[in-house]
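Only one chain is shown below, in structure tokens, and it's the form predicted alone.
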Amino acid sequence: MSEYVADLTDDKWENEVLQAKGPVLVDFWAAWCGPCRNLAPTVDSVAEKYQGKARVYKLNVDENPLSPAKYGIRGIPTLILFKDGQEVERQVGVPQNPHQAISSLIDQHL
């Protein structure tokens, strides 16, 4: 975990995501997921880039099953961008150019 990405839990979901103002990016991941581990440094880099403009969280799907079930997460990594508590973008898997793709998701909603 980096200093720019916070751990998210089902208990904190309502407060940190649904009641948040502005963009919130949630990375649904698991420790056993190779692509998730490969994407982690990019998510950290994007979080640093958007510090103060968007919040970035990681939610471990094995430890927090309620939120992934509610949002129909079928594969990981899945990134969902919320704005003012509403889902506005979703990226499943690792995109071709991950840093650019994730940045683009956020830029559209700043």
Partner chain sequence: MANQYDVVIIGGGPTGLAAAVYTGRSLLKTLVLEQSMPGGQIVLSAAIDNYPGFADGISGYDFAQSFLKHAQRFGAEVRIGTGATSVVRNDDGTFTVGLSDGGEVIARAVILAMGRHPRKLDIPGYDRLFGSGVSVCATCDGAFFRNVPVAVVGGGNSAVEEGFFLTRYASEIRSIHRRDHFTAQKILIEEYLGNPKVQPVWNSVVEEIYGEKEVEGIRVRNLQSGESEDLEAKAVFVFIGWIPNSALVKDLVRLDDQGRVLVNELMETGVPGLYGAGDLCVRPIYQLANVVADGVQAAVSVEKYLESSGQSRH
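Since the structure is predicted, the reported quantities are computational estimates derived from the model, not experimental observations. Positions refer to the first chain, counted from 1.
Omitted here: the form predicted in complex with its partner chain. The next part is about that form.
Proximity to its partner chain in the predicted complex holds for none of 23, 52 and 102, with the criterion being a heavy atom within 4.5 Å. Although the partner is absent from this view, residue 48 stays clear of its partner chain in the predicted complex, with no non-hydrogen atom inside 4.5 angstroms. Using a 4.5 angstroms limit between non-hydrogen atoms, residue 84 is distant from its partner chain in the predicted complex.
With a 4.5 Å cutoff on heavy atoms, residue 18 does not count as touching its partner chain in the predicted complex; it lies far away. Its partner chain in the predicted complex is not approached by residue 63, whose heavy atoms all lie more than 4.5 angstroms from it. Residues from 51-90 that approach its partner chain in the predicted complex with a non-hydrogen atom closer than or equal to 4.5 Å are 61, 62, 72, 73, 74, 75, 76, in the order they occur in the chain.
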